[in-house]
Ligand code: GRG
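This document opens with one chain alone, in structure tokens, the form predicted alone.
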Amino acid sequence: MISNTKDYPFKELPFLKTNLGRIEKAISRSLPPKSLSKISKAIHYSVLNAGKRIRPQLVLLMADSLKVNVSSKTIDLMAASGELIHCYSLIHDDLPSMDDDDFRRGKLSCHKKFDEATAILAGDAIQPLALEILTTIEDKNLTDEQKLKIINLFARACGPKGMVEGQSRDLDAEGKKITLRELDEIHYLKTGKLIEACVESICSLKDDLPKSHKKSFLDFAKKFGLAFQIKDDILDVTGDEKIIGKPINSDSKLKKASYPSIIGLKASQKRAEKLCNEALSILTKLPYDTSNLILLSNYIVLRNK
């Protein structure tokens, strides 16, 4: 199912580049003016730093697949909101009291470029900004009920039953032996819930979407998110620092629970590929054009950063 790296042109997928232009424009327009304050400078520095934008890509690709009846601007704002929630979490994750990372995407982390207080406040500002963006959407084809549903999905993804709880469990697991099931749960909360929200938010826009199809898309999102995290753990061990943009082996230095530390590198790669194949199998059985979602799923397992 997964294409071989020699013949899979994931670096040349034109739709990713096209979508990235839309995503960057939507994010940039949603930010406060850079000159407004020190906090706004930190926000621009941390958000506009060439991330992979996997979550907003999912939003755009899901919308294309389901052909939802809302404007492209609505989709772009939803994509920007999902990415901003992710960016806020990265700023806080990098703090000395959390994962203590000095670099992010090849640049100094926010707290290193500015200071810890500024980093905390920048993250604090980005999280509500992400939800504020959703409240500003004006679309005659978007009902109030649908808008509230989308806001609720993103809020729950980053709240006490989502990434915040996942980060807490991740910190608690440092230096401890945990089970594979416990690690899966940590990363479902920390990473998977937001990925799932990006997928489900688009499903909520499709009025006639059968419940079985929605369930299939959510199953896809769970497998996609877990495969993505496993690959991240693998790259922390085998990646090139110049490519991934931060020092390797940071997980082991912090004695973090990771897939390679629990089941080994080879088994981790096999598990990521198995999850990806299962995700692809789900997509191929759905009566929609999921070809680009399939290519993106391949990318997350074959990527080198």
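Sequential numbering from 1, following the sequence displayed. Nothing here was measured: the structure is a model prediction, and the numbers come from that model.
Keep in mind that the form predicted in complex with the ligand is not shown, yet the notes after this line are about it.
*Where does the ligand sit in the predicted bound form: which of 83-91, 143-151, 107-115, 173-181, heavy atoms within 4.5 Å?*
Only one stretch passes the 4.5 Å heavy-atom test: 83-91.
_Partner-contacting position among Leu209, Ala155, Met98, Leu218 - heavy atom within 4.5 Å of the ligand in the predicted bound form_ = Going through each option in turn, the one that passes is Met98.
*Name the single residue among Met163, Leu77, Ile126, Ala119 that comes within 4.5 Å of the ligand in the predicted bound form, judging by heavy atoms.*
None of the others qualify; the residue that does is Met163.
*asked:* Since only the chain is shown here, I'm wondering whether Lys190 would be in contact with the ligand in the predicted bound form (any heavy atom pair within 4.5 Å).
replied: Lys190: yes, in contact with the ligand in the predicted bound form.
_Is it the case that Ser204, even though its partner is missing from this view, gets within 4.5 Å of the ligand in the predicted bound form, heavy atoms only?_
Contact check for Ser204: no, nothing within 4.5 Å of the ligand in the predicted bound form.
*Might Lys52 be said to contact the ligand in the predicted bound form, defining contact as any heavy atom within 4.5 Å?*
Within the cut-off, so yes.
*in the predicted bound form, does Glu196 have a heavy atom within 4.5 Å of the ligand?*
The answer is no: Glu196 has no heavy atom within 4.5 Å of the ligand.
*What residues of 210-241, in sequence order, lie within 4.5 Å of the ligand in the predicted bound form by heavy atom?*
Those in contact are Phe228, Gln229, Asp232.
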